[in-house]
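Next up: a single chain in structure tokens, the form predicted on its own.
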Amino acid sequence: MNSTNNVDFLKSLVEEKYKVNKTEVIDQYQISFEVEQVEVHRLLSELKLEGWKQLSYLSAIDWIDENEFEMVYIVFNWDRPVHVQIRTRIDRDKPVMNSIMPIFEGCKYYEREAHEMFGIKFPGNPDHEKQLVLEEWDDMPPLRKDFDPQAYSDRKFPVREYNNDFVELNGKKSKQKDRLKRAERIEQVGKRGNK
């Protein structure tokens, strides 16, 4: 079966049984469906029964101006090679999305990462609150758009002073002074050329 037929099959399968807010055919190998949050688990279960058995990706997008997170699930079928994106919106102030572990057990670490980076809770995943990457993190989740990395850095790390003294390495003369002279010459030539 060719990819166009696979996309048509998916459109029929999903749009006939589910309330789809938006369908987007990205190309012959990828299609996206935006559905309500209550439809996600049922839709993912049906897709898995139809052969979309590989969970390729799970993450979120922060739509701060709309006060929502968009959950994105991507599943793949090796027999009908089309990636299917299932998207849904959840409240940014109380970000909770039931775990899909009963459907795709491998989502465990994706959900942990989404919790750590966005602050989304995943009831049903017993480990979703365990830190995965950010050891001893004690601030707002860093992929939220209202996280200020400069303010975080200023609070957490001392200001460092850097000097321009260069040392010889392994008994060889540093090339840094020559590089600085060359950069100054280039800058002077550029200034003369702009006059």
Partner chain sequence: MESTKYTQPVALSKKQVDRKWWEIGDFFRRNSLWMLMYCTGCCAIELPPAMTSAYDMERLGMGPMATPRQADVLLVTGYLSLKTLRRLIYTYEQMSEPKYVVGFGSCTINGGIYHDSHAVINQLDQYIPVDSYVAGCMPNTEAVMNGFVDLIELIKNKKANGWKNYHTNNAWYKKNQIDALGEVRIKDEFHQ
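Positions refer to the first chain, counted from 1. Basically, rigid core = biggest C-alpha set you can superpose within 1.5 Å across the two forms. Given the structure is predicted, the values throughout are model-derived calculations rather than measurements.
Missing here is the form predicted in complex with the partner chain; even so, the following discussion is about that form.
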None of W137, Y57, Y29, W63 but one has a heavy atom within 4.5 Å of the partner chain in the predicted bound form; the exception is W137
In this chain shown alone, the residue from R87, H83, R112, R92 with a heavy atom within 4.5 Å of the partner chain in the predicted bound form is R112
Per contact check vs the partner chain in the predicted bound form (non-hydrogen atom within 4.5 angstroms), the hit among 129-137, 48-56, 34-42, 64-72 is 129-137
Exercise. Verify the flagged residues Y18, N21 and T23 against the partner chain in the predicted bound form: is each one within 4.5 Å by a non-hydrogen atom?
Key: no
Using 4.5 Å between non-hydrogen atoms, is Q150 touching the partner chain in the predicted bound form?
yes
Check: Is K156 close to the partner chain in the predicted bound form, meaning a heavy atom pair under 4.5 Å apart or at it?
Finding: yes
(Q) For V25, does the CA position differ by 2 Å or more between the shown form and the other one when the superposition is done on the rigid core? (A) no
Do you see a C-alpha shift of 2 Å or more at Q176 between the shown form and the other one, with the core held fixed?
yes
